[in-house]
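Starting off, we have a lone chain in the form predicted alone, written out as structure tokens.
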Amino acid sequence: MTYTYKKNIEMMMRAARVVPNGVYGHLGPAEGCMIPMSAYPFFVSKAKGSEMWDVDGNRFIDYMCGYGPNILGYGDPEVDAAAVAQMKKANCTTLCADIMVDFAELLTDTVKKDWAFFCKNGGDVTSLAVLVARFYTGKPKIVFVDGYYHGVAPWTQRPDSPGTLEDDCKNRFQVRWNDVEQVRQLFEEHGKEIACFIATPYMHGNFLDNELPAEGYWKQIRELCTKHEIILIIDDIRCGFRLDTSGSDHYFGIEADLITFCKALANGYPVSALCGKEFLKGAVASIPYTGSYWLQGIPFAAGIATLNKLKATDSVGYMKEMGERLGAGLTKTAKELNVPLHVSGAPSMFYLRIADPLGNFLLHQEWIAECVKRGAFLTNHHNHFTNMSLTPELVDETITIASEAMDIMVKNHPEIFR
């Protein structure tokens, strides 16, 4: 039996009348890589642990984890209890809730940085990081790595993006991932113009296999940034706490000047953080940067509970183990069916791709669609996530679903799989 989505479609038709595209942004059906749309639900009714149920009552094992925030499990009782307790005391108040100090102390101790500045979204803190770098250095240019994503602010966009001005994008250089010599040459020629080098800990972009740093890559980038007085920013929005509870810079053996966190920071409660070294503390304090809800107490309480729970267990090891278990099962089926499946990236943030011999993504999208219609929620061209509530039993159920889906895909294409 495969799922149907009658109520989802009815609700989408209602939503489209009052909400642009019905569901917008990265959760929009097309932009969210939910292709074909007929395979996917649009609206969730409840979620718990690693599972969610749509408005038609279909149950899914969820490997998107809210696009990353769900690191402990939906509705984690300890995190929710901490949030409720803080709600009864104070949340959005004239003065800052005192719990902010507790959260900042815990976070800076956890990620080995000297200070923390709290916002709401990942883009809030990546933008602040660039502002700090430019203000401190007095230099305008940003160095990006090809395939980057650091949010939706104008400085992160390409000049042909709707509503973006050419001037928004002019102070930029782009380099290839893992190409230290290109960075070295760029810094030698333009170092006096460059404020910062910003990158994710490894390349976990869309529509391509994810790629870890080459041996010594980050050590050399760190040395080049120090030599040319360029601020090194690690965008840990997506990877944060999944590779190393101390931050992904420490996982790869370096120390960033600035590092950004969001998604998994409070298990779904809205908070982000920019953390940095002491020498940049005065710069960030000098920048007028704030938001109406940035100092809410509830997310701080949830963040404390989340970090404490992650630190009290081998969270990184467990999520890695679940990812390896899933990857091994999928790879075994693919080998048996002679399907060119690529599994890349860190196991806790795995990326899947069927290398279509016709040179397009249609086979991959067909396989993923069959998985979703049977209860394994994956998307086509984005990395996936494991979390602390994922069990071996759920992983094995996923392997069974995905294997059945792959077998169906193979049988649908005898012209390819002979």
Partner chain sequence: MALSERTQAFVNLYAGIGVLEKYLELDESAKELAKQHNVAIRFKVKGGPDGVVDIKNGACKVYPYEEGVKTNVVLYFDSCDKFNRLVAGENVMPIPTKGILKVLTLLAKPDQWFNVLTGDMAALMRKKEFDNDDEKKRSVTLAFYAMTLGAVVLGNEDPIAQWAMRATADGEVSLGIKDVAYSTIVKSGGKNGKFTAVLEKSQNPRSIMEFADIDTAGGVINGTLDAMTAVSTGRLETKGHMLMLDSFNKIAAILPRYLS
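Positions refer to the first chain, counted from 1. Here the structure is a predicted model, which is why all the values come from computation and not from measurement. By rigid core we mean the largest C-alpha set that fits within 1.5 Å across both forms.
The next section is about a form of this same protein that is not shown, the form predicted together with the partner chain.
Participant: Verify the flagged residues Ala16, Ile35 and Phe361 against the partner chain in the model of the complex: is each one within 4.5 Å by a non-hydrogen atom?
Facilitator: Yes, all three are in contact.
Participant: Please pick, from Pro340, Pro159, Gly191, Gly291, the one residue with any non-hydrogen atom lying within 4.5 angstroms of the partner chain in the model of the complex.
Facilitator: Residue within 4.5 Å of the partner: Pro159.
Participant: Let me know the one among Phe207, Phe135, Trp115, Tyr318 whose heavy atoms come within 4.5 Å of the partner chain in the model of the complex, would you?
Facilitator: So the residue touching the partner chain in the model of the complex, by this definition, is Phe207.
Participant: Hey, in the model of the complex, is Ser389 touching the partner chain, heavy atoms inside 4.5 Å?
Facilitator: Result no; Ser389 lies far from the partner chain in the model of the complex.
Participant: I'd like to check something about Ile401: if you look in the model of the complex, is any of its heavy atoms closer than or equal to 4.5 Å to a heavy atom of the partner chain?
Facilitator: Because no heavy atom of Ile401 falls inside 4.5 Å of the partner chain in the model of the complex, the answer is no.
Participant: Report whether the minimum heavy atom distance between Glu278 and the partner chain in the model of the complex is within 4.5 Å.
Facilitator: Glu278 lies outside the contact set for the partner chain.
Participant: Indicate whether Asp146 is a 4.5 Å heavy atom neighbour of the partner chain in the model of the complex.
Facilitator: Yes, Asp146 sits close enough to the partner chain in the model of the complex that at least one of its heavy atoms falls within 4.5 Å.
Participant: At 4.5 Å between heavy atoms, only one of the stretches 369 to 377, 59 to 67, 46 to 54, 353 to 361 reaches the partner chain in the model of the complex; which one is it?
Facilitator: Within 4.5 Å of the partner lies stretch 353 to 361.
Participant: Scan 364 to 385 and write down, in order along the chain, each residue with a heavy atom lying within 4.5 Å of the partner chain in the model of the complex.
Facilitator: Counting only heavy atoms within 4.5 Å of the partner chain in the model of the complex, the single contacting residue of 364 to 385 is Gln365.
Participant: Given a core-based superposition, decide whether the C-alpha of Gly57 shifts by 2 Å or more between the shown form and the other one.
Facilitator: Shift at Gly57: below 2 Å after core fit.
Participant: Aligning on the core only, does the CA of Pro392 end up 2 angstroms or more away between the shown form and the other one?
Facilitator: Comparing forms between the shown form and the other one, the Pro392 CA shifts below 2 Å.
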